[in-house]
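Below sits a lone chain in structure tokens, taken as the form predicted on its own.
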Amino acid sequence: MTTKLLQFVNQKKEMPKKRSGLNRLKDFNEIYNNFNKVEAKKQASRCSQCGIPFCQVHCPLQNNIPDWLKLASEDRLKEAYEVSQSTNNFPEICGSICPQDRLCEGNCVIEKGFESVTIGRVEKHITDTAWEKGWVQPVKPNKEINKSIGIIGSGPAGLSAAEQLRKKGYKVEVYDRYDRPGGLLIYGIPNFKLEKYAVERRTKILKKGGVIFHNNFEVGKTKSFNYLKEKHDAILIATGVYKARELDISKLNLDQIIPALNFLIASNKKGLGDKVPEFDNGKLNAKDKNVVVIGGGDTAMDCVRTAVRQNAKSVTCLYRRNKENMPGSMREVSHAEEEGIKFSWLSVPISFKSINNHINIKVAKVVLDKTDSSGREMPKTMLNNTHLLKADLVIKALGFNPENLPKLFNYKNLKVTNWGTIKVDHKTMMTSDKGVFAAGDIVRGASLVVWAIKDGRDAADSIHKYLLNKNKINLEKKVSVF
């Protein structure tokens, strides 16, 4: 029996059941259960099938959301998966970690008065079902093309580009400095948001489809950038950005003050069963410590929620603006509050002092002043209104800057912007060096996984067009000889 649509008038919005705050602190598993078949159909049936689908408009990938919601409501999940994966290489990953409250769900036309459709979790249900039923298959190109692409970085941009190029028949080799493919997805995002099996099964199926991975490979050290250029017909740089932004405070070289990514990588590696000396010796471990996390984005939420699961004595988040102005997902903030995290709004650290292996943080209150170009009120530090906060571990979660890739790769031909990102022609995504492209955070700056996937797909299209045109020119030259 076909489920009727437009059920938002009598069917309430529901998320999958969520484990209680205290219960989920016992492990790093995802906090939501999965929808079952009946629940997913009910929630998908709430879609209004509106004339202008703002959910799709505000999705970076322009996913055909109303179409696969309709198919899911009719229990046509295989077709729903085919529609979903046609625009998104990793729909189940986006279903778990995308800030839907800011993107598709936040722009749902029925949101006013009826609450939005539960898009993300239906998306995850569709693709999880596809994996269970064996509908997700390795890439099988219609024909093989005797051209090879080298991709530097195996995060979401690199992986999505690799799959798109492999579909066209190119030989694809991915180089990554870490010991596992996945980049940010495997090492930067905690399990309670994205369980690692979801990433590992994606990289395994890419391998089965013919994508070759070279791990523990540092360009400029393992092999030169020129080596890769000579080996491949085109190069894609998709390294992401990992260099921690710093506080404008002197004397930050204290052992108890650490970058967010160091902390998250150590935790994820431990969860994957690796030996992590800096975790085991306590340096990158929050157990029995009073932890202060500085920042208000999604990375800060990952850190506070990881610290509390490591049995920290207390966890406080310092943020210089108020809750309404946080850059991260409000859903993530809500999860953190449920888990007992303390938030100190309108607060900024102005000095640190180490005393007997503890840190005294001098914290100043902040007032919000005039709005900036983004429309947010600018913080103004009140140096005459301060207090002390004691901590055993301070985690800097202030965002990320790009590393100096021309220096890192020992390749001066790469041009960078004033912000240190790789300079590209934004129509073609080609760098200043012919045949070398760049995509993802290394071009746009630290951003969302869904944007990295889009950039990787776009870069794959540009590389394909470049190689077709290059081959056409070479053929014309050969013909002109006769």
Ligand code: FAD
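These numbers were taken from a predicted model, which means no experiment stands behind them. Numbering starts at 1 and follows the sequence shown.
From this point on, the text means the form predicted in complex with the ligand, which you will not see here.
- For the residues 359, 130, 261, 234, the 4.5 Å heavy atom test against the ligand in the predicted bound form is passed only by 261.
- For the residues 229, 365, 177, 270, the 4.5 Å heavy atom test against the ligand in the predicted bound form is passed only by 177.
- Put simply, residue 238 is close to the ligand in the predicted bound form: some heavy atom of it is within 4.5 Å.
- Although the partner is absent here, residue 302 sits close enough that one of its heavy atoms falls within 4.5 Å of the ligand in the predicted bound form.
- In the predicted bound form, residue 207 stays away from the ligand, with no heavy atom inside 4.5 Å.
- Contact annotation for residue 97: at least one heavy atom lies within 4.5 Å of the ligand in the predicted bound form.
- Within 4.5 Å of the ligand in the predicted bound form, a heavy atom is found for not a single one of 192, 296 and 333.
- With the ligand left out of view, the stretch that reaches within 4.5 Å of it through heavy atoms in the predicted bound form is, among 135-143, 215-223, 374-382, 348-356, 215-223.
- Shown here without the ligand, the chain has no residue in 366-397 lying with a heavy atom within 4.5 Å of that partner in the predicted bound form.
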